[in-house]
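To begin, one chain is listed below as structure tokens, in the form predicted on its own.
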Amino acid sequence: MNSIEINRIPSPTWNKLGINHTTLSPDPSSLCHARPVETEGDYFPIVPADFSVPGSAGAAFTRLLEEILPKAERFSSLPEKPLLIRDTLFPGQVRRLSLRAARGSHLILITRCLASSSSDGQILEDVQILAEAASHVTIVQILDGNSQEKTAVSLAADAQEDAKIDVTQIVLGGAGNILGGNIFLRGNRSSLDAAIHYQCRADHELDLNWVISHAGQKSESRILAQGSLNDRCKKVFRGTIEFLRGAAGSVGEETEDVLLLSDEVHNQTVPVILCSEENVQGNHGASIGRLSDELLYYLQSRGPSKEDIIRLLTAARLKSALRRIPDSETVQWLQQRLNENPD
């Protein structure tokens, strides 16, 4: 199949910069449905059919997955008890999830995309979430692997009045990782708190595309991207906050903190704020820096090698995401993955 454009930025710039989008060359014949998700808590297997927020990867990606999997897995949480969904995917697997957080309920989705150096095949997932009034949605997405194929995760969410959405994305490894989020803050006082933690090394590529649309009054969004780049890797972060007409009193903030550990890395950060409403507040910024020779000398004089120092600093940045994961099983797995002893 020919390649498709995904993760397109809403406000394109010069094509020669190579940041407007990325591409994916899918092979539908090699993909199969992932095993059923695990659930804890009661749910209804129904979701409204009028969901209209496009996925962060774009319409072409959504159509592709609809052709492979005509029917999405559908879950609707209940107010009485939190619904926890654990989702694990391996190379060659694809999944579509359509989730509804009912009014006043708490829905938790934890996804792990896992691969190893001996694994082959793409991992593709499309997640759509409707957060009804006063609901709370917690999303944790972990990408971990050394497969030479790309992993692409598309996320879309529609937040109604007083709905709260928390997203944590953690990238531990993989030759090509594509992810992001398209969050529509439709309701008054709806909110998003997103944290993206990543490490990228070798010749790997990481492509991030986040789009937050403020439509409700006094809606709030916060995006923090924090990671380290080493060797010859390439990373693109697109962060777009848009204030639509009528979103008076809304606040949006995006920040990226990048640690460069090699002179050969290729880093591109594209923070964008679009505004059609006057009474709003939008902030964006990026902090990009390297380890100083003085700091390296000081730390090495205490015993550890340069490689050990880089490993410790990278792990410390990733460890900061642990407090955002509301599932002890996942926290323990991630701690072990980072070669730490669980508390």
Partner chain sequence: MNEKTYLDEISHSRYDFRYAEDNYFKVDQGLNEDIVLEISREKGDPDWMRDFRIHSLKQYHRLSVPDWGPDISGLHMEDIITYIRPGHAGMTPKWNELPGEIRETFERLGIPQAERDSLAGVGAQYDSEIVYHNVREEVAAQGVVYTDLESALHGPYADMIRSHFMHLVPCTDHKFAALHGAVWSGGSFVYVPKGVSVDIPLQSYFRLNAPGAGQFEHTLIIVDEGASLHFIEGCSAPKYNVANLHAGCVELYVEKNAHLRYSTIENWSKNMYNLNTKRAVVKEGGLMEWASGSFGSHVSYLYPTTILAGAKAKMTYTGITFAGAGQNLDTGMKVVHSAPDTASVIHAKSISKSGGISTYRSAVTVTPAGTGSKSTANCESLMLDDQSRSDTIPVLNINTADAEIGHEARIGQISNEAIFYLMSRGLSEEEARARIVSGFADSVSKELPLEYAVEMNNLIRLEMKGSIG
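Definition used throughout: the rigid core is the maximal C-alpha set that superposes within 1.5 Å between two forms. Positions refer to the first chain, counted from 1. Please read all numbers here as calculations on a predicted model, not as lab measurements.
As for the form predicted in complex with its partner chain, it is not shown, yet the points below apply to it.
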{"property": "Partner contact for T23 in the model of the complex: its partner chain, 4.5 angstroms, heavy atom", "result": "no"}
{"property": "K71, heavy atom within 4.5 angstroms of its partner chain in the model of the complex", "result": "no"}
{"property": "Distance check, S305 to its partner chain in the model of the complex, heavy atom within 4.5 Å", "result": "no"}
{"property": "Contact of P271 with its partner chain in the model of the complex (heavy atom, 4.5 Å)", "result": "yes"}
{"property": "Of L78, L114, A195, L261, the one that lies within 4.5 Å of its partner chain in the model of the complex (heavy atoms)", "result": "L261"}
{"property": "Selected contact from Q300, S30, T39, N283, since only one has a non-hydrogen atom within 4.5 angstroms of its partner chain in the model of the complex", "result": "N283"}
{"property": "Options 271-279, 51-59, 31-39, 309-317; stretch whose heavy atom lies within 4.5 Å of its partner chain in the model of the complex", "result": "271-279"}
{"property": "Rigid core superposed: K306 CA moves 2 Å or more between the shown form and the other one", "result": "yes"}
